[in-house]
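Next up is one chain by itself, shown in structure tokens, the form predicted on its own.
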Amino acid sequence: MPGEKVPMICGIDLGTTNSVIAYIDDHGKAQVIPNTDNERITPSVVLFDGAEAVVGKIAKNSAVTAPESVVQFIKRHMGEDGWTQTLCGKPYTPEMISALILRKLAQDAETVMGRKVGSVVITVPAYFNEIERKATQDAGIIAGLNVLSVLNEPTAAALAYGLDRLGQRKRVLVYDLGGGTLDVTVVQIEGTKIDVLATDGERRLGGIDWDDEVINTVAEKFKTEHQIDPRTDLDAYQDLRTKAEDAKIALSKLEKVRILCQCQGRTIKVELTRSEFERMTKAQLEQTETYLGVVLAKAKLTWKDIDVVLPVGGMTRMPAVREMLRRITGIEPDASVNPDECVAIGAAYYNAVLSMHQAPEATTALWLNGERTAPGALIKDIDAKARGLLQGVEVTNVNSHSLGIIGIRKSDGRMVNDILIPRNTPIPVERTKTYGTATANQVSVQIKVVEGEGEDPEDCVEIGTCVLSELPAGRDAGAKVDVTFRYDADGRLEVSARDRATGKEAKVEIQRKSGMTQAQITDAKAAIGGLDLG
């Protein structure tokens, strides 16, 4: 339509505790879009109230008064098979609840900007596996968004930092400690190339765990004084969780705080100093510290090779975190990017980079307002200088988990995970390995693809199968079959198998698995589509 504004290129940081959306402006700069409360960060909390789902600050505040109707920290359940929560009489999966958060972010962005959200890149922890990544992708689809890609959070942060420093050569250690997850990643910026060298982390280590230490300390004191455990009372527990988080944040600036705990008409006030807080959470901080050396070793570097230490995530505002980073690395942590916003900003830049490589007439297209639109068409309003800069950017990532197949070891006949692509391999990558058929007269080969580091397949996650069939009968065991993994930059894994003697070949693209089928995704979209967002 003449005069209609071009849809926005957006990046979304879907966080455990808070989420952020950013877009690329007409000058090629990524900007955070505030929500309709004029706040740049939206709590990742959903309140269910009949036919209404309220997302954000009001939902978070309601966690104390209506805890049975509020869902928080849903990111920790992404990809968890069979997990549901019944709210207002209806079951909701993590993908559906995350979709409500994503839909709220997009709707607020469209209201504030007066433009449609065109395509999005959604970020995930670097250590998310394929199932968790697919669950995040599904959430975006359920929300009605055009998900161009999912991107590792530390890579997004490095993009936000690095795009203002293209042409330089820097090695950056990204320490990303958020509300629920930890990632440590080494990134090299050289010219217009941004390469991830190594990454590692914990999918269940973040600010929630620091809050838990405060909750447990206060609860034990309450229990000693009143013989009541406030953790067993849903209302009191939720109130205490909110106060624990507030105390943690306040202690980044204050030397001491007072926490009021109330339960069943009883009350205590607990004074907590910063030094006490740091002592009680020392184990959590030391757990993050171990990953610094691990990732550095994986990148085959020393601290002398690192130029920048980039703290990301709200938890890195804690003085103890900054001091630990100084002590371990010998480098003053960089303060040039906003730790709460840089991931969404980097995701928007990555979306623009992907869109730049799509010609306007490209076949990979998005559906916008019922019309087919290529991603490349979304960048036509960005000025030429910015387009030129973004066009030249190259981002190389690594796989966070090893990929292999289940094979039979000759020496003892045990089933084992035989890794073809080890974790921290730069992608895209292609690897081929030759195997022999297990038995005589074998007319088909089933190749089970797994993700994980353990030798025992039971310790890994099966993500797909490739079947090579109609092989000739009568052959001895050990007939040669070449198996090839092709892993693309956007996370697509193609597995092919070729029988050497006959040339017969089978090929399959391993679809990221999740607990939801396509029909379930459609049903989920309809279910949340019937909810009004508050």
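The numbering used is simple: start at 1 and walk along the sequence shown. Quick caveat: nothing in here was measured; it's all calculated off a predicted structure.
This protein has a second form, the form predicted in complex with a small molecule, left out of what is shown; the following refers to that one.
This chain appears without its partner; in the predicted bound form, the one residue of L182, L390, C460, M318 with a heavy atom within 4.5 Å of the small molecule is M318.
A heavy atom within 4.5 Å of the small molecule in the predicted bound form is found for one listed residue only; from G314, G464, G407, G452, this is G314.
Contact annotation: S252 falls within 4.5 Å of the small molecule in the predicted bound form, judged by heavy atom distances.
In the predicted bound form, at least one heavy atom of E245 sits within 4.5 Å of a heavy atom of the small molecule.
In the predicted bound form, none of the heavy atoms of G79 sits within 4.5 Å of a heavy atom of the small molecule. Proximity of G201 to the small molecule in the predicted bound form: non-hydrogen atoms within 4.5 Å are absent; the residue sits far from the partner. Note on the interface: of 131-139, 104-112, 285-293, 174-182, the segment with non-hydrogen atoms within 4.5 angstroms of the small molecule in the predicted bound form is 174-182.
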